[in-house]
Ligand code: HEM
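Here you get one chain, nothing else, as structure tokens; it is the form predicted alone.
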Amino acid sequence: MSQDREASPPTREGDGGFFHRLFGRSTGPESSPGSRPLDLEDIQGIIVRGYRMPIVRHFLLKVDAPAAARKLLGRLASGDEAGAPQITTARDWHVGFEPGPGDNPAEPPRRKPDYCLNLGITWPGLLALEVKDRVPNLSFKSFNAFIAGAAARAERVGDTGDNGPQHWIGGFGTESDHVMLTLHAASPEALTTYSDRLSALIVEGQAFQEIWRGDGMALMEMQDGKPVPVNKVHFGYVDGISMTTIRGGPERYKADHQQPCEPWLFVLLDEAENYFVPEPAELGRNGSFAVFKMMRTDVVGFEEFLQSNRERIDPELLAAKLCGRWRNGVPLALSPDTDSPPSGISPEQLNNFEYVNSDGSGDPRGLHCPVGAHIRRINPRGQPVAGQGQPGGSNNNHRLIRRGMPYGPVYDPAQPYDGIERGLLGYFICSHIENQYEFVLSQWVNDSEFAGAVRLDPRAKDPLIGTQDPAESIFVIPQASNAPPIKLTGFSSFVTTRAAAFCFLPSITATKFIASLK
């Protein structure tokens, strides 16, 4: 959940607030020697840039008329804004934001868009668009998970029982989930305007049938008497702190202990070490993959769990131990005893820490941050864990980028049983679903053996997003001075999968290629 999330709220020019400090200028990574610069005009922007818009709408479409559907996709990549909303690329448009390493701040400012549009196509979608029928050499030979689909692979990532495909909403997992359109907007008015345009285009020539739509929006809090979007999730934690840095990528992030990720981990490139780019090249190169997920969060159950254990551990400390951060974002690795350390922790330092240093020092036993805590599982940094490429390595080969947003209103503890569903929806972006998304969920989130030499209880899973059985669930909090650990048991899953889809994010070139097929 907390892995590398895009920031939801927009930052205004001259804003000196938290989000400006969090996403402001810092030294960006340079391209690795011999690597080619990313073709930002060809890559969908959602892959390598966070849009920082406060509202989103996802459309799930079923192909009805293949030729008309291919033609419409081409219109979305034609460059003709008057004819159709255009797929957003990764080129610089960040008026009001700090420039990235490749952006020229001396250039005249461009208009900041009031929407961003992105396209995902499932394997059944490519078949329904009749791409395979028209492209004899079509090959996704490195990507069996994408071809199989999210429903067929659900058990691998813990989507069983209440999380299983049989309970998914809106046609997900039925092989009618062909195309995802994702519309980020700067305002509710912009969302309505561009949604209406897209809805009209979708039905032209009976190209598509809309089978589901879902909205997300940044949570709002009152500040100085006005509602302001904040970067939080429904459990109350500040989100969007740990951001994946792409070597040679277009955005700058605060320097920390983690090495930048190679660009081929998120953009399909020929220099990749563990896959072949889909063929033909004009279809595969500069694309990516994204796992769309909608996850319901049981906020009432979570808060009741905290309070039910208050005689054993302070509820806010327990919330911090479960996540690995205090709810205000301060990491236990830097401040294990309080969310407000006397010397303070600047926003620039909130992600600048390690769990285990190269010499073995740090917090190997999890006395500060439990080894099984959520953020330590989802991004173990340099800690020796299952799947680490080399001892002391970065674990980067399994990293994900999450572009997500909450849905549902802010939880009101005065009215806990309001019957309103709350959760998160969005994308886990990666170049290799098996090696990144599925690996993290199966090996780190839902397995007790992920931490190597550190022996966790064999029933232990990620306490926040793991698939829990109350008869077996356990979370262990080590104590200092050889005191007995605190063992918490009998809790249910706090997150339930409501929908999932494995999507291919085609480049602009690929979208035009699909549209050109006769």
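Being a predicted model, the structure only gives us computed values, none of them experimental. In case it trips you up, residue 1 is the first one in the sequence shown, and so on.
The same protein also has a form predicted together with the ligand, omitted here; what follows describes it.
Asks: Pick the stretch from 295-303, 337-345, 260-268, 208-216 whose residues have a heavy atom within 4.5 Å of the ligand in the predicted complex.
Replies: Every other range fails; the passing one is 295-303.
Asks: Does the trio L73, C116 and I202 actually contact the ligand in the predicted complex, every residue with a heavy atom within 4.5 Å?
Replies: No, none of the three is in contact.
Asks: Though only this chain appears here, would R381 touch the ligand in the predicted complex if you measure heavy atom gaps against 4.5 Å?
Replies: Yes, R381 sits close enough to the ligand in the predicted complex that at least one of its heavy atoms falls within 4.5 Å.
Asks: Residue-level question: is V131 within 4.5 Å of the ligand in the predicted complex, judged on heavy atoms?
Replies: No, V131 sits far enough from the ligand in the predicted complex that none of its heavy atoms falls within 4.5 Å.
Asks: Evaluate L424 for contact with the ligand in the predicted complex, applying a 4.5 angstroms cut-off between non-hydrogen atoms, and reply yes or no.
Replies: The answer is yes: L424 has a heavy atom within 4.5 Å of the ligand.
Asks: Residue-level question: is L400 within 4.5 Å of the ligand in the predicted complex, judged on heavy atoms?
Replies: Taking the distances in the predicted complex, the answer for L400 is yes, it comes within 4.5 Å of the ligand.
Asks: Of F289, Y437, F172, W444, which one comes within 4.5 Å of the ligand in the predicted complex, counting heavy atoms only?
Replies: If I apply the 4.5 Å criterion carefully, the residue I get is Y437.
Asks: Only one of L181, C323, L126, A90 comes within 4.5 Å of the ligand in the predicted complex by heavy atoms, so just point that one out.
Replies: Checked against the cut-off, the match is C323.
Asks: Taking heavy atoms and a 4.5 Å limit, what residues of 222-245 are near the ligand in the predicted complex?
Replies: The stretch 222-245, when checked against the ligand in the predicted complex, contributes V233, F235, Y237, V238, D239, G240, I241, S242 at the 4.5 Å heavy-atom cut-off.
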